[in-house]
Ligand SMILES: Cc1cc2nc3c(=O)[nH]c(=O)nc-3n(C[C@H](O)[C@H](O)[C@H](O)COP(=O)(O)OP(=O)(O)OC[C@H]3O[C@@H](n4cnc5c(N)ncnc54)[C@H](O)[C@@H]3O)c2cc1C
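For reference, the chain that follows is the form predicted alone, supplied as C-alpha cells.
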Amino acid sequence: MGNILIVTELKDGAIREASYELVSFAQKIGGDIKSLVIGSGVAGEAESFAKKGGGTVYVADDASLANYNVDGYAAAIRAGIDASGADVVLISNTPSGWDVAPRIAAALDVAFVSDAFDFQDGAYIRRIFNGKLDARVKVEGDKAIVSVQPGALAAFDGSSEGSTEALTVDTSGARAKFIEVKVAESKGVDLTKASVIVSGGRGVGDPEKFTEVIQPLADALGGAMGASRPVVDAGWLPHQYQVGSSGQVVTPKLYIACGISGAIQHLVGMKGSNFIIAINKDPDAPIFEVAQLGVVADLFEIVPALTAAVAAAKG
C-alpha cells in the first residue's frame, strides 16, 4: 500500500489514545508506517510514539504550533506528507480532524474518506445513515486522506523500533493564530468522570420516562444518567447526556444500556467500559455483542425492580 503517515493528536501535552488506534488501523492497511507529531515541546512524546508502532516520527516542534489552528496544522501535515512520501494519511475523526483533513485532501486533490472504522480487502469501511448501513469505499489511485473513528480498533500496545526526525514547518502564511481557550460553563454531569452510567435509548419511549425510570436507577447506584444519539436528536435530553462518537466517550466501571439497540457511534462511545449490562427486548440488538451481561426483557419491568433491589441492598 506504500507509505502511511499517521497524524497524531495531543491532549494536555500527551498523545491521545486515538493516535495509538491509528497504528492498529495502519497495520490493517499494510505498508511502511510513519508518523507526525505536531506541537511545542513534544520531542519526548514523539520518541515514545516511535517506540510504540509509530515508525519514523517527524517532529514539527514550534511555538506557533503549541495550540491547534487549522492553517498551522495544515502546513505541518503538508510538510509531513512531503517528508514521508505518504500515499495514505490517517487522522483521527475528532473535531480538529474534521477541520483539517478535508482541507488537506482538497489542497492535494486526492480522495477523502471520512469516519472509517475498518479496512478490508482494499476498501475502507464506514457507517452511513446513522449506522444502519456499512459502506465499502475504494479510492481511485494510491493516495487518500482518511479520518478514522476513535474507538473503532484497539490501540496498539506493543513495542517497536522507531526513530524521530525534526521537521521544519513554515507557518508564516497562516491567516489565523491562536489567542486563548475559554472553557464553557459546565451544564449537567461530566460523564467522562462517572464510575457508573445508566443510559437510555429510544426504547425508553418518551422523555418523562427518563426521569421516572432511568434517573432513579442511576441515583440508586450513585452514578450518572446518559443517553443515545436518537434521544438527544429528538430533544428528550440535552447534548451533554449523549454517549457516542459525536457525544462523550466514556469508560465507567459499570455501564447499563436500557432500550439502546447499539448503533456503531454509540458502541464506540461506551464499549471501553469495564462491565456492560444491556437490557433490550430485541435479542438480536447489536448492543448484546459488547455486553458482558444481556437481559432480553421489557426495561420497564427490569429497571424499576433493579432500582428497588439496589435500594434494599443499601439498607
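C-alpha atoms forming the largest set that superposes within 1.5 Å between two forms make up the rigid core. All values derive from a computational prediction rather than experimental measurement. Position 1 is the first residue in the sequence shown; the rest follow in order.
There is another form of this protein, the form predicted in complex with this ligand, and it is not shown here; the text below is about that form.
Residue in contact with this ligand in the model of the complex (any heavy atom within 4.5 Å), chosen from Ile29, Val290, Leu65, Ala263: Ala263. Shown without its partner, this chain lists Gly97, Gly162, Pro216, Pro230 as candidates; in the model of the complex, only Pro230 has a non-hydrogen atom within 4.5 angstroms of this ligand. From the list 252 to 260, 50 to 58, 65 to 73, 29 to 37, the contact stretch for this ligand in the model of the complex under a 4.5 Å heavy atom rule is 252 to 260. Using a 4.5 Å cut-off to this ligand in the model of the complex, each of Gln242, Ala297 and Phe300 places a heavy atom inside that distance. Among residues of the shown chain, Gly203 is one whose heavy atoms approach this ligand to within 4.5 Å in the model of the complex. Using a 4.5 Å cutoff between non-hydrogen atoms, Val42 does not count as a contact of this ligand in the model of the complex. Heavy atoms of Asn274 never reach within 4.5 Å of this ligand in the model of the complex, leaving it off the interface. The closest heavy atom approach of Ala46 to this ligand in the model of the complex falls outside 4.5 Å. In the model of the complex, Ile279, Asn280, Lys281, Asp282, Ala285, Ala297, Asp298, Leu299, Phe300 are the residues of 276 to 301 with at least one heavy atom within 4.5 Å of this ligand, listed from first to last. Taking 2 Å as the criterion, Pro230 counts as shifted between this form and the one not shown: its C-alpha moves by at least this amount when the rigid core is aligned.
After superposing the rigid core, the Cα of His239 is displaced by 2 Å or more between this form and the one not shown.
Positional change of Arg103 between this form and the one not shown stays under 2 Å at the C-alpha, relative to the superposed core.
Cα of Ala116 to Cα of Tyr241: at least 3 Å longer in the model of the complex than in the shown structure.
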